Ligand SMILES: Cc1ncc(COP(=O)(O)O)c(C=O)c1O
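Okay, here we've got a single chain as structure tokens, the form predicted on its own, with questions on binding and movement later.
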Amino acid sequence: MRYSALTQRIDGDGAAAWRIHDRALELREQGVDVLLLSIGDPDFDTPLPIIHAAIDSLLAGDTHYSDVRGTRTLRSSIASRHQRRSGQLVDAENVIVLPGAQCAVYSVAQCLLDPGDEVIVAEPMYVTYEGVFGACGASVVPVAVHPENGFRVEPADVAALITAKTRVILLNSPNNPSGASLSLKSWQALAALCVRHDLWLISDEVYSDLLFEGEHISPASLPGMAERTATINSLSKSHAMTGWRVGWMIGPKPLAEHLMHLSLCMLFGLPDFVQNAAQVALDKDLPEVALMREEYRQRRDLVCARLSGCPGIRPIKPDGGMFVMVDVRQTGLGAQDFAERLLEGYGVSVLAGEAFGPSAAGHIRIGLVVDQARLADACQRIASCAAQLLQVRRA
């Protein structure tokens, strides 16, 4: 039977990246002791006040169709939160609530891009971006970065890639997988490029609450950027709510209206009981959120300290996020082969950097998604794997 061309455009290396994770789950089901560090799913429980809000809402009968844009109260809370943090003047009409940041990026792409358009995306890039833009028939133009520079984007490298076909720049700060963030000076230079060439900017800020070094900048707050920026965020990482699927887009009102029309024909809104829980997450000062953030920082520091100086490997300390990239090139294996050996021989599941683009080749991504004791154990196993490979090379 025949399938559409779309099925080919959403397949590829990004979809294949998860195979090692699937293999890790398979080994776990067989009783193998596997430390699962290959997916960015927090090991924390969603704070209880959020859960209780959802339960109360269910018991109150909030199980019917909801406003396709998101409830006005939730959109107002999102707008107020963003305005407090960025200084950008927005209100509920600039916001649309969608099932996760992933869906928000996909929806924005559908409303901005046509077949043949080009999207400049900084490497290393989140593995689903390729499929998201492929679904539109657009071409991804990657911006190479360098591990020696902490995987940070250089505006001059972006400028060199702009062509008559360029329609959108997508930047993710802090970045997944590298954890690299962008300074105000870099954002100002990138904003100038967007204004000069009349480009859209998709700013993926999912990890903005997990920035440990420097200050988070929302580029939509810079001069000339509000009318050309779609800001993406969610509660998945900051509030341990990955399974709740609550994300949003903040942008110019015409874009929000287009997203509403797309949601109308594709999603028809989030359940009210989920939105009421999200309302509590945004409006309450929950101590659990601050504790989770500090725990991620400590986990980052632990992994970098444990792996620093280990023969054959080099951790690259991220500015933020919930991952650490580790250079394994000195072991003599590519990252995919190293990751497979690490899983099968040492019971640690990580993703290979090649899945995120050529700039991350020779690196593995470690998820900070288990407690510090198990992370220390994982570091020991990773170091042992590298040491054994070096020994074989010298033999």
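Each residue number is its position in the shown sequence, starting from 1. Because the structure is a prediction, the values reported are computed rather than measured.
Not pictured, yet referred to below: the form predicted in complex with the ligand.
- Of the candidate stretches 249-257, 311-319, 264-272, 198-206, only 198-206 has residues with heavy atoms within 4.5 Å of the ligand in the predicted complex.
- Contact check for A220: every heavy atom lies farther than 4.5 Å from the ligand in the predicted complex.
- At the 4.5 Å threshold, heavy atoms of N172 reach the ligand in the predicted complex.
- Using a 4.5 angstroms limit between non-hydrogen atoms, A101 touches the ligand in the predicted complex.
- The closest heavy atom approach of Y129 to the ligand in the predicted complex falls within 4.5 Å.
- Proximity to the ligand in the predicted complex, defined as a heavy atom within 4.5 Å, singles out one entry of N276, Q88, S238, N176, which is N176.
- Only one of S234, S181, T231, S107 comes within 4.5 Å of the ligand in the predicted complex through a heavy atom, and that residue is S234.
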